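Presented below, as structure tokens, is a lone chain in the form predicted alone.
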Amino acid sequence: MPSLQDRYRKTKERLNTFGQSHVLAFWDSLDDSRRENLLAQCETLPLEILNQEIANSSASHAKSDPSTDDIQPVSVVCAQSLDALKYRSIGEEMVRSGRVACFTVAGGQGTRLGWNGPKGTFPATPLLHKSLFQVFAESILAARRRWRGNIPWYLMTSPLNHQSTQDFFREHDWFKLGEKSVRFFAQGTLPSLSLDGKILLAAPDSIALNPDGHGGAIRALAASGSLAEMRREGVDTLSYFQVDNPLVKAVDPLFLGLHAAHPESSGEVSSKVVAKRDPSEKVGVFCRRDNRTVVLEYSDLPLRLAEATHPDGALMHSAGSIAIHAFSRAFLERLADDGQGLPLHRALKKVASIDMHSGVLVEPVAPNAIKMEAFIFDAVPMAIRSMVYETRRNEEFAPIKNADGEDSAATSQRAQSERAARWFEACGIEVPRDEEGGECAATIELSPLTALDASELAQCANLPRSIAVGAKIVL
């Protein structure tokens, strides 16, 4: 095993090559334990990738400028035009045969929600206040029971919440899924950079690191051995969703069947979208550019295009991303094997860092650093063909992103109750609604273990014939 001094020399040589040797400026003042900590961080730095990003930053920004005329509306597959029974049957067989795993990006904290803990532990449901993790777990367990397939669940945490997330699942007995079928791995990190491209230090023995974004999932899936594990177990398709949306269908056989067999799909990556509420809604937008399907951040879509409409008044660029995808394992393996990962996006942030002259930690009053992260939707244009499927917002998308206002716990809980109310009405059950907005005048919480859709709810025994105004119903 190389000595500490040998590792130091090798690391210093590598840092010198990329103009980052200042990272070792405080080496002489550190004890061996702190030296070990610093070397361990340095040895995993993706310096080649960082150097390329720094060198090509201006060119990258020029290339990514979406203000040109080559942005076109994307072709969207709609449920009304489908042989739904055919594709649903294909998806159900995929689940039964053990080919499907769920994959959740769960690295975030609940800070914006005023919640002290991993975001997945946030109480999300309207009456029982079940956590987001529990909602997803019940959805997966219900899918296992309905389609009799083994469905492993992979969760990508962050270094900040990895242990606390595992502890939460352990405390709740893995939500009856079984410990062996719930697999955790932490996403990677990237160093924060000064505005002139130098790696920042959070302490004399510690680099200022930040998670590398949900796009880091591809690299992390490979590095953790998860892709190899899926291959051994016969999993060839991942149902991907993020941790903030309690209306998500963790396992959707119709979508999986479309991903596997629809003519517009290459079977590599497929995506769900909803129609944007208005031109200013802050969601990514699926478009066609350079003969590829791409996702543009809402801030990158020029206003003239965001507001453009068809003759019937509908938005021309209305395919709003809801961060729900199906990926083939082989596609992710190919992207991981190419060694570069997904492109990095830059953002100016305030990052506390060590002053290299005094060694004192400085809290900035203005943005002083570049943080870089990868976005999972940048995998979309790398596919041979990518299918985009439009689903209904009120059935599948009610994220919890903010403490109040739009996309808050309150709006999500109303959406959860409203969906349950529509399912009850589809079963012939009378639901009270107010006269002004037609909203349900009761609160209903429906577990995925009771029903995954209205047709399954109709098969339940002992459903009420009607619901009273102000009632609180839990099923």
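One-based numbering along the sequence shown. Everything quoted here is computed from the prediction, not taken from an experiment. We call the rigid core whatever largest set of C-alpha positions still superposes within 1.5 Å between the two forms.
The same protein has a further form, the form predicted in complex with ligand UTP, not shown here; the description that follows concerns it.
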Is it true that 107, 187 and 401 each have at least one non-hydrogen atom within 4.5 Å of ligand UTP in the predicted bound form?
-> yes
Of these, 242, 121, 192, 125, which has a heavy atom no more than 4.5 Å from ligand UTP in the predicted bound form?
-> 242
If we test each of 396, 138, 373, 92 for a heavy atom within 4.5 Å of ligand UTP in the predicted bound form, the one that passes is 373
Quick one: find which of 312 to 320, 79 to 87, 350 to 358, 109 to 117 has residues within 4.5 Å of ligand UTP in the predicted bound form by heavy atom distance.
-> 109 to 117
Within a 4.5 Å heavy atom cut-off, is residue 212 in contact with ligand UTP in the predicted bound form?
-> yes
4.5 angstroms heavy atom contact with ligand UTP in the predicted bound form for residue 156 | yes
Yes/no, residue 176 Cα shift of 2 Å or more between this form and the one not shown with rigid core fixed | no
Flag for residue 310, CA shift 2 Å or larger between this form and the one not shown after aligning core | no
Taking the rigid core as reference, does the Cα of residue 347 move 2 Å or more between this form and the one not shown?
-> yes
